[in-house]
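What follows is one chain in structure tokens, specifically the form predicted on its own.
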Amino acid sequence: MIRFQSSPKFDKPATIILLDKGQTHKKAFNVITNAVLRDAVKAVIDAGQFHGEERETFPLIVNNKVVLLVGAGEAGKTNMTALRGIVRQAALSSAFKKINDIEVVPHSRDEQAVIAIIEGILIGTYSWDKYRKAPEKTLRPIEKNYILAVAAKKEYEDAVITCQGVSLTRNLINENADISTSDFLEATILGLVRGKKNVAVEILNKKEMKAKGLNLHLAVNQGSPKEPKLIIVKYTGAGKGKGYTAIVGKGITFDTGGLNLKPTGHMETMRSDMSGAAAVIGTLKNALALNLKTNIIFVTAIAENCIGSLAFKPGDVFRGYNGKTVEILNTDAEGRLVLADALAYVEKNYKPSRFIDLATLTGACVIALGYDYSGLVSNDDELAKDVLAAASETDDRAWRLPSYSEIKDYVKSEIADLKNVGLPKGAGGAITAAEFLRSFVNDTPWAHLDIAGTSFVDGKGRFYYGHGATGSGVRLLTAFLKNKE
């Protein structure tokens, strides 16, 4: 939890003091009103033990309180990504292991710097420890109280709310796949919208999907005993006369690859294949908490891609909701199938002004962009510009990939209207997968975010994230929607 106070008080069991490189004593001590602490810090600086270098730290014990001096680097030159990482490192210091109340004194009152500090705390210290033995647990952020020594303002309070949506998304992804099922996600969504008067919900289960012809979605799920779901939340924040932004998330709660089985080393983190849907749910939480004054359609397309005698097969052909037929060349190219039916269904029945879909869609996007940028493909330059602006604003990074008229030929089938994979050997896999999706949105402005690389950290950490889900897309979408108010 984060609270705000207009100036430092140095009255908590612990304090983090961020200082720029080369700050003079006068600048450093202007904020330090406690004489004993000021003298202690002066002694450290005079002895040359602390210079404010980026990520430099120096712990002190003053009046039985823990004080951690933290270097923010050269004044005005530390980028916001680095600042988030600096704050994360400081907040996770072993010096605070048994301390719950920590005051944080920023080195700058710049709004973007303060927001970066907030995110460094709340996103950086997040941990998924549900299944660890109690003695080994790292305290979760909610168990610590951070008192940030800046005056409260709406932008800062909004940043805290946005981080809460990110945490919900991460929890949904990190949970066991047999817990975070379609029923679990449905219950989560219904819990968020319960009692909200400006919200309408439509839920399609297997029976309804079959009756309406969402056969691509059903094909992916047919090897699983769990119920497929298409859940649509219509949020009217700006009046019914205004257009709606539809955000659509891929929700494959576990992806074995189907009969085109994933090899060892590629399946272990496939509970994260519902990261797009989880990001939509986290953004829904934010939209409700922020009371956004814009109209939004939240769509989660949920299925499980299993192996077994009932699983769909390479070579099969299925007819989608919009009437187009699709030849299945690879059952591990399943996410685009559930998204295709979702896009077509929402376009016909809800007529949104624009689409944004999110999906852990292709390993090819990871090959192209690595793990730090989501891939963006769009049929509309203005929409793409707005998405990229939100990405830059929030450090939820995206990079635009090409889309061109000739690429449509790569997803044409010899026996059906389309095929679910493009060129041989995965060439252009990210953009051909996006082109497949584009075939289901007609002329509606549409942007596709491939978050396969950015949604999950399988290792010790990246930037200011620890192991596991990152909540990719939530900050970007929240900022995009706020900018539409």
Ligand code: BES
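It should be emphasised that the depicted structure is a prediction, and the values quoted were computed from it without experimental measurement. When you see a residue number, it is the position in the sequence shown, counting from 1.
We do not show the form predicted together with this ligand, though everything after this point is about it.
- Proximity to this ligand in the predicted complex, taken as a non-hydrogen atom within 4.5 angstroms, holds for one residue of V338, I173, V280, L361, which is L361.
- Residue-level contacts in the predicted complex: of D332, E202, D158, E393, one residue has a heavy atom within 4.5 Å of this ligand, and it is D332.
- The closest heavy atom approach of A434 to this ligand in the predicted complex falls outside 4.5 Å.
- With a 4.5 Å cutoff on heavy atoms, K196 does not count as touching this ligand in the predicted complex; it lies far away.
- Among heavy atoms of E119, none comes within 4.5 Å of this ligand in the predicted complex.
- Interface membership of V70, defined by any non-hydrogen atom within 4.5 Å of this ligand in the predicted complex, is ruled out.
- Heavy atoms within 4.5 Å of this ligand in the predicted complex are found in exactly one of 94-102, 110-118, 363-371, 149-157, that being 363-371.
- Within 4.5 angstroms of this ligand in the predicted complex, the stretch 414-433 places a non-hydrogen atom from V421 alone.
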